[in-house]
Structure formats: C-alpha cells, structure tokens
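We begin with a single chain expressed as structure tokens, specifically the form predicted alone.
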C-alpha cells in the first residue's frame, strides 16, 4: 500500500532509510524544521539548515523516487532565545516560495514558558500574513495537556487562521478530542518509547473515526522508527479494518491536508510510473 509520512526528520536519517521507505510503499514525506539536538547560535546557521531542507533533502529523496516536502520555523526548544528567534522569523519569508515548502512548522511549546508562547504567537502572525499552513508540535509527557490547551487557546484567539489548515501533532488519548473539536487536523506520532504506539493509534481511530487524522513516525536522531507507519498499517489489518479505511489515514488524508498549500506539487505514484514508462 502506498503511504505518506506527514512528519519525519530525514536530515537525521541515513540515505539507506530513504531506500527502505521506498521499498515499504512510502511515496512522499513532509519534514518540519526542528531542534537538531543542540541550540544553533546564529541566523546564518538556520539559513544553512533551511537550504539543506529545501535543496539537498529533495535531491536525496529523489534518488529513490520519493517526493520530499518541508516546513520552516525555529523550534520551541530554541525559542527561549527571543532575539535569535525573531531574526530567524524575519528570514523565513526568503524560503516560503521555494518548491515543496508547505508552511510554518513545527512550531509549538516545549516547557510551556512565556518566551515559547511569545515566539509561537509571532510564528502564527507570520503564517497569517503569508497565508501559510501550520504544523504544530505539542509538548511531551507531563506537559502535554497543559501545553496543548495553551496552543489551542492561542490558535482560537487568532481569527485570521483557518482551522482546516492547521495540523496539531503528537496528540494522545487525553488531547485528541481537544484538537478535533476545534476543527483542527490531528497527527498521531508513533514512537517506540513515548507518544503513541500503533495499537493505541488504532484505538483512537476506532473511537473518533478517520476524519482529519493522520499518523507519522517523526523519525529523527533519537530513539525512533522511520518505518512506523507500515507498523500502523499492519495493526489496522490485524483488527480487520478495510484497506480503504487504512488508505484514507495513511495516504488520502495527508494529500487532502497538504493540497491546501500552493507548494504541494505532488505527483500521485501511479501517474509517476505512467510517466516513466512512457
């Protein structure tokens, strides 16, 4: 089955992972800007990172006929440095018209601090001014519900934002309803040690239905599994769910959401095969 991984950090994966994903049915992925494991010290460091996301990763994915899309932001972990964050936000418009750039993300909160909230709101203002989609990171573990509540409240306070163009990621059982009831999209992240397992994701789909729901691996430099979406597909099959429902979650829903971006120049896999054969 073809699928799309809506949230994966390929800059921290080896090239073999691209090949493995292609063999397992992945046809495209979206890569949000994120914390690289250390705090970057200058706006030029972020500019180079954004160039890597918009240039080299697209090329690396293309070696295996995978389509690579990306997002721009300064991550919440680095938002405590308000001065640097504002310099990065001012620089982001340089990249918003680059092919494959879907919007602003992954923004959000980490420890739910005042500075994180300030920078989150300034990212929202940037997205509203440029009419960009938004991808949101919600905090980990004990901070998750409080942080998700804060994020949803800030989103709802900005009347310029179309909730259908916002994806709130890393939802769990205690935050998913909060996100869906406000009309946002929700992402379930499949991590081996935190966030959500494939079986828990299936539970949530059985409880809430398939509308505005996606699953992703968020594979990065830490403990993570880039092939987590195929694990979810198998978990759905073990429960007896039809292939049409599985496809909706792992392929149709990502296409529907990302198609709201002017830079989602996606070629369906069947069309790509037909073009190569011609």
Partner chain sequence: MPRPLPAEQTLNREFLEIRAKILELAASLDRLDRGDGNVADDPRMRLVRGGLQILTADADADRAEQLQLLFSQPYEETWRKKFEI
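Numbering follows the first chain given and starts at 1. Here the structure is a predicted model, which means the values were calculated and not measured.
Quick note: we don't show the form predicted in complex with its partner chain, though the next part is all about it.
**Student:** Which residue, 206, 125, 87, 94, is the contact with its partner chain in the model of the complex, using a 4.5 Å heavy atom cutoff?
**Tutor:** Here the answer is residue option 206.
**Student:** If you check 174, 160, 131, 164 against its partner chain in the model of the complex, which one has a heavy atom within 4.5 Å?
**Tutor:** Contact residue from the list: 174.
**Student:** Counting only heavy atoms and a 4.5 Å cutoff, which of 143-151, 181-189, 94-102, 70-78 contacts its partner chain in the model of the complex?
**Tutor:** Stretch 143-151 is the one.
**Student:** Checking a candidate spot here: are 51, 55 and 248 all in contact with its partner chain in the model of the complex (at least one heavy atom each within 4.5 Å)?
**Tutor:** The answer is no: none of the three residues contacts the partner (heavy atom, 4.5 Å cut-off).
**Student:** Decide whether residue 83 counts as a contact residue for its partner chain in the model of the complex under a heavy atom distance cut-off of 4.5 Å.
**Tutor:** Output for residue 83 is no: heavy atoms all beyond 4.5 Å of its partner chain.
**Student:** Residue 241: heavy atom within 4.5 Å of its partner chain in the model of the complex?
**Tutor:** Residue-level check for residue 241: yes, a contact with its partner chain.
**Student:** For the stretch 86-116, return the residues whose heavy atoms include at least one within 4.5 Å of its partner chain in the model of the complex, in the order they occur.
**Tutor:** Going through 86-116 in order - heavy atoms within 4.5 Å of its partner chain in the model of the complex - the hits are 112, 113, 114.
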